[in-house]
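In structure tokens, one chain follows: the form predicted alone.
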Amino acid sequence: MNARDAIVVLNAGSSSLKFSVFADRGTELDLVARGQAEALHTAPRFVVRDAGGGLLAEDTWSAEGRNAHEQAIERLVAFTREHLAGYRLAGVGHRVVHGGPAYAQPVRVTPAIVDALEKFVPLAPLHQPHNLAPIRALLQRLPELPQVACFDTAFHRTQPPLAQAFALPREITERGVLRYGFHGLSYEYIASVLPAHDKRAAAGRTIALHLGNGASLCALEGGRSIATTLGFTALDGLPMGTRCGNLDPGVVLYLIDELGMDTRAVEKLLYQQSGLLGVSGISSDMRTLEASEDPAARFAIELFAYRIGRELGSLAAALGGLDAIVFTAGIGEHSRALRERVGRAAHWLGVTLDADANAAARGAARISSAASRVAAWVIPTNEELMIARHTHALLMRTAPKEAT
């Protein structure tokens, strides 16, 4: 790669395609543009803005006709050709939620690898099919364009076997039924920038709290994942926007045996109708719940904070102590009230927040008091940049050497 190369990062959902464009500046990758194609199945809209927020491109089209993701890819390819004329599109990096037991590092995509990743769709049914859709579209449209798959599970493959195992018969475990963990790209980014903010926390025992519509915690020791709250699928651990979090398996049996629900109905309930939305009956959005005076909204928030506090204790036990906690992702970065609740719950672990620092936190900031034994930070995550870095590094390793 050279100083005029660009990398596109894609994060595809069921009805949207978010993307960022990074330019290779030699020492770092700089954001050039970001945008999304949204409402793909109803009223598709394509919008791109530059790094400062200025509008670069906008388009709408009919949802009828061909595959929605393919149409979005066509707009993105056209945008890169028109607006990135000064750059060479060197590659595309993709967020892929599940890499299973086989993929512990980013990989250069081939049709065979996409076929292998299809096998993990049952482990991430709301994410994996949509992550793979633009990869297949680009393989057909631009087969010569390098593509790199970056996995949300990969960062957690450093966990010891005990942290990955369920207490199930060996023959089931050997089929790949393990605790995989997710949000790995976010945690990897936090681990990569933490030394610049707090060397002690980076070298020691830190719990990162990725709190957004999807939520989890990760125990980091020396920047490596030791344990996490998410497991075999993205349903485990904390309650989330619409997902239930940790659930007694007997509840699933009850839903089937006593309420007559089939597997698809149970799946919809646990993935789309539970969490903050299900408990409150109002919204999955923390901002809406915090603005509401409805007791059900307050209860949903309190349950979320309570469960975070319990999981913090569990991961501190896995680490054998605690040096720091780091809040990140949408809720973690922006909800001072939720951070204050979690700080109170974690006081017994040695966390004491500074109320003024917590209220004023913008961007990366230390929010613990001077007397706090455990440091507390807010650090914005950047999964897109992490994917761009992985894509850049892999393309650099696999680029043909010039003749001498």
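In this text, all values refer to a predicted model and were calculated from it rather than measured experimentally. Numbers for residues come from their place in the sequence shown, where the first is 1.
Missing here is the form predicted in complex with a small molecule; even so, the following discussion is about that form.
Trainee: What stretch, of 281-289, 224-232, 150-158, 125-133, brings heavy atoms to within 4.5 Å of the small molecule in the predicted bound form?
Mentor: After filtering at 4.5 Å, what remains is 281-289.
Trainee: When the contact criterion is heavy atoms within 4.5 Å, does residue 329 count as touching the small molecule in the predicted bound form?
Mentor: It does: once the small molecule is placed as it appears in the predicted bound form, residue 329 has a heavy atom within 4.5 Å of it.
Trainee: Is residue 204 one of the residues lying within 4.5 Å of the small molecule in the predicted bound form, judged by heavy atom distances?
Mentor: No, no contact at 4.5 Å.
Trainee: Does residue 214 reach the small molecule in the predicted bound form, with heavy atoms at most 4.5 Å apart?
Mentor: Contact check for residue 214: yes, within 4.5 Å of the small molecule in the predicted bound form.
Trainee: With a cut-off of 4.5 Å between heavy atoms, is residue 334 one of the residues that contacts the small molecule in the predicted bound form?
Mentor: Heavy-atom contact with the small molecule at 4.5 Å: present for residue 334.
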